[in-house]
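In structure tokens, the next block holds one chain alone, the form predicted alone.
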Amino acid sequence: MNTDVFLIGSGQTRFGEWWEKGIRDLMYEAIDGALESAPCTALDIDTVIVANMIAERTNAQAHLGALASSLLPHRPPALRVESACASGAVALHTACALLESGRAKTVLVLGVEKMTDVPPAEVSTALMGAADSEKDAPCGLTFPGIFGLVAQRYMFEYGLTREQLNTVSAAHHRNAVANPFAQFRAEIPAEKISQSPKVADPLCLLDCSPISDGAAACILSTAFESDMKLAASQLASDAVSLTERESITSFPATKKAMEKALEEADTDRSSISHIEVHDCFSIAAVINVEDLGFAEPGRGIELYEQADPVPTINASGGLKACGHPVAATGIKQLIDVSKQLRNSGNRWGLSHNFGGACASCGIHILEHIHV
């Protein structure tokens, strides 16, 4: 980073099905929590950045930047960013760029999604906007179908079994029991994962992250300090359609973003104690830990077979158990990493957030500086 950027406040709603709350209510709750935990006041916020993907389809609401700004007493300038499920990470990256340039000193970054007010089929159609509308959608693919193909190919190449894959969702649900913000706070035995309804062979219902409502907010600042510093913020992109990829069992955008993030933070993988990865589907989590460099290709599942993996993986419960209100996820991940660093007393943590089949990827490395 060109200048010190601190995470000075954070807040979020519990992710879930919030029938009695509108998108404005969710935003207000997350903003209020972030301000309550910060050393600044609302009037110190000089810019608002809102991440959202599908509010036009699910809530008939655009112009979310101004809507969020109107929840603050002085209505600072605001903008909205969208990069599919990576919208939260891109919003954080945009805030870092404004802070490093000096155009802003204290930025409120907010991710929000209200997805349960429309039929699941409509949500699925809206989410397919993250795929290639000419090369993927016409054949009837949805994202469970895309990641089902990824899982099939991965199993063919590396011999991963259905029983091994069960351990991923089981681990994330086990982790979520202690997380009060998680949508699902109950353990699920590994054998129950593959006994749940088949969605897209070999993936079952409990391999898939749910449809969720929720919001998460961070306050980043160069004017106020805390014990949490953004050491790196990096983005990378790839072809949107899997038909244009050399391989579907690895995501190059993750590899590129990770290498740039480690260089920017001036640290190495062995120093990172906690990671929150984008487990939209269980197979994605396995591939992610490999692409991040914590396991060799084909051996990511071995981390899930360990009692205490290093680094910890999705100690929050991840997307699978916490829920996945699309644009809020990348911001929620950073909040979780900060909590894990404070609880453990360790120095380095990482959040990994991607959009589509990792056509866009954002990685943030957080440094706990008082250790």
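Just count from 1 along the sequence shown to find any residue number. Bear in mind that the values here come from a model prediction, so they are computed numbers and not experimental data.
The next section is about a form of this same protein that is not shown, the form predicted in complex with a small molecule.
- When the small molecule is considered in the predicted complex, only one residue from A239, L98, V199, A295 comes within 4.5 Å through any heavy atom, namely V199.
- S209 is the sole member of S221, T249, S209, N175 with a non-hydrogen atom within 4.5 Å of the small molecule in the predicted complex.
- Comparing 258-266, 273-281, 90-98, 160-168 against the small molecule in the predicted complex, the single stretch with non-hydrogen atoms within 4.5 angstroms of it is 273-281.
- Though the partner is left out of this view, P189 does not reach within 4.5 Å of the small molecule in the predicted complex, counting heavy atoms only.
- When contacts are judged by a 4.5 Å heavy atom cut-off, P76 does not count as touching the small molecule in the predicted complex.
- Using a 4.5 angstroms limit between non-hydrogen atoms, A285 is distant from the small molecule in the predicted complex.
- The small molecule is not drawn, but in the predicted complex it has a heavy atom within 4.5 Å of F143.
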